[in-house]
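What follows is a single chain, given as structure tokens, in the form predicted alone.
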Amino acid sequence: MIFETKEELKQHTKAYEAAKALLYQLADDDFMIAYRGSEWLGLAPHIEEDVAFSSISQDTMGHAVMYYQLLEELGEGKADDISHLRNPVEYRNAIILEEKNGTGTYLEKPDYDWAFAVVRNLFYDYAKTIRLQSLKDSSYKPLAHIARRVIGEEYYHLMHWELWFKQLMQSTPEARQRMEAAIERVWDEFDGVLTLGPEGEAMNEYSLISSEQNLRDRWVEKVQHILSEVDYKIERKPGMKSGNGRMGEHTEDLNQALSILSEVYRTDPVTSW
């Protein structure tokens, strides 16, 4: 079954609800990791990285906007309202993407972990690329068109994080130790990114995206490959220790992120910013 337009999609209630659930996941995941990336502005290890990471975060926020606009077209409300005015329990991002970079804040005593940033972004961009490869053939054609536009940028994001990952894993003993700790931390939460939530079966049934198991298997294979290149191995499955963001379970870190992200917009939502 192919859905060329939103009108065709809306004629099939189950597919329509599954498509909206998928779009919320895609949008909220990009929205959160882009925000956490923006917190490194002026704090990255060197000035070239400052520019590069800012550019990547800006690209990623742009991807979130495209998904929010698709939700607007499907009748979910204005894209700006969807992104800024929902209650935290309504967000569907994975918990690992909302977690703070470290202690302190961007403006006061930031003690951020660069190893965590590198590992989180690399693992996420692997998952995102695999999803985009599937979404290129999505039965909902407006979503497939976006996937084809975004995947070209993802190629360069992945190259960037793979370079950082390999260099730090093969650097000093301290760098290696920090990276291994970051890998373990991200791994134990990353199934929150890989799950498609309660609507996952319907997403696959209507060919909106590949099955959750297929996407997970491809991600594990990809990550295990780069781990083997730096002589590191994880035997256990990726976990979801802090809860399932696809079901509205979140941490206080999401509240903190949203309070900052939405601070200006909430002062006057009817103004054009």
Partner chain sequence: MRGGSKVVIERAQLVEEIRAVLQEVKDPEIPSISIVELGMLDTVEVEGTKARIQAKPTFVGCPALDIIKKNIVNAVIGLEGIDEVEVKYVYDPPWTTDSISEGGKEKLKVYGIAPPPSEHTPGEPWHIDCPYCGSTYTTMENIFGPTACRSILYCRSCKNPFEAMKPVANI
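Nothing here was measured: the structure is a model prediction, and the numbers come from that model. Residue numbers count along the first chain shown, from 1.
Although it is not shown, the form predicted together with the partner chain is what the next lines describe.
Only one segment in the set 86-94, 166-174, 147-155, 112-120 has any non-hydrogen atom within 4.5 angstroms of the partner chain in the predicted bound form, and it is 147-155. Think of it this way: in the predicted bound form, the partner chain has a heavy atom of just one of M66, M240, I226, A34 within 4.5 Å, and the residue is M66. Proximity to the partner chain in the predicted bound form, defined as a heavy atom within 4.5 Å, holds among V220, V51, V230, M247 only for V51. Although the partner is absent here, I56 lies within 4.5 Å of the partner chain in the predicted bound form, judged by heavy atoms.
Residue contact with the partner chain in the predicted bound form: K100 places no heavy atom within 4.5 Å of it. In the predicted bound form, K78 stays away from the partner chain, with no heavy atom inside 4.5 Å. The partner chain is not shown here, and in the predicted bound form it never comes within 4.5 Å of any heavy atom of R178.
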